[in-house]
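The form predicted on its own is given below as one chain in structure tokens.
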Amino acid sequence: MASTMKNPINLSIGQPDFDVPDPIKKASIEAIEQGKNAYSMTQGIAPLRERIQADIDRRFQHPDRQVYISSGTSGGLVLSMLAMVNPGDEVIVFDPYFVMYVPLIQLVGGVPILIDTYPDFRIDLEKVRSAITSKTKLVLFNSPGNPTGVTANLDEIEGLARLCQEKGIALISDEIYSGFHFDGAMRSPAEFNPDTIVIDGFSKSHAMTGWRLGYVHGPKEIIQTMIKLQQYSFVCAPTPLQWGAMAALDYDMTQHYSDYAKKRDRIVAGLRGYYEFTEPGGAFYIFPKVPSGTGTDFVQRAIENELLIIPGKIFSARDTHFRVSFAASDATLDRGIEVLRKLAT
């Protein structure tokens, strides 16, 4: 649609608007020029794994937590489902959810069990407890969240972690937006449940979405199964780009994250009083409720005003909201806010 517009206001895309930092590019270019272009070990190059493993060990101090390098966090999600979900197993997902979750569960024969979190997108632990059955295999958790940008509070994180541990249910924590956590330190359910499988990566944090570099850490038995599955599917993450990821670990992204906190403040201030929404604490999304009608109809009206946003039904059983990405220049955000204000009246 954007290609047919003369001057589109693109607040739809889920990737940072800054470029990959130069030292990271240079490290990958050097790796290519040095001939580091063959397959790597399936689990990733040793220097990268060892570096991330050391960080994980310092943070969690779990005796049985291993890491491997996945072909993007999407690759990590695919393999985690293949490793743990059998046909008929139930997987609890919080609605709204990242668009990939439900189809992926269905792909491996699982049954998605949606827990509604509207209107404020908080986790009700009693709803989770009530949703657990003898068929429940795992809970899929994402904070900061896509599409809402909402960050779970410590009570929600710890409560969910301990509930899964109590019930003997696997817990996957999708932490791809961990760098974009604006209001306090990022907390993980792995702090409270050592069996938590954590999925993270470089796509959002370093604008490396096209590089397909993620990593997964969790109990060794699960990780080894995922490595085996990777050998017969993705084979490995791109080798020269793994060397670039080594440079990414040393690059200070603080200013970029600070800039995005300001963008969050800009969009919140611009839409306050015009729409109902929960203020995002992370990622780079806001998920307002449409003033009337359906999200699909509202987005069509936005497109007619050259504003590209995403209807909420893509992420949800409901069609009452829309997603705005504030991963854009301030000038683009201001143009988008102007259109959204007009559409609210």
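Residue numbers run from 1 along the displayed sequence. Keep in mind that what you see is a predicted model, and the values were worked out from it rather than measured.
Heads up, the form predicted in complex with a small molecule isn't pictured, but that's what we're talking about next.
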Of the listed stretches (127-135, 94-102, 112-120, 163-171), which one has a non-hydrogen atom within 4.5 Å of the small molecule in the predicted complex? 94-102
Checking S178, N193, N142, S188 against the small molecule in the predicted complex, the residue with a non-hydrogen atom inside 4.5 angstroms turns out to be N142
So which of I222, A207, V85, L77 gets a non-hydrogen atom within 4.5 Å of the small molecule in the predicted complex? L77
Might G72 be said to contact the small molecule in the predicted complex, defining contact as any heavy atom within 4.5 Å? yes
Is it the case that N146, even though its partner is missing from this view, gets within 4.5 Å of the small molecule in the predicted complex, heavy atoms only? yes
Using heavy atoms and a 4.5 Å limit, would one call T151 a contact residue for the small molecule in the predicted complex? no
With heavy atoms only and a cut-off of 4.5 Å, decide whether K263 touches the small molecule in the predicted complex. no
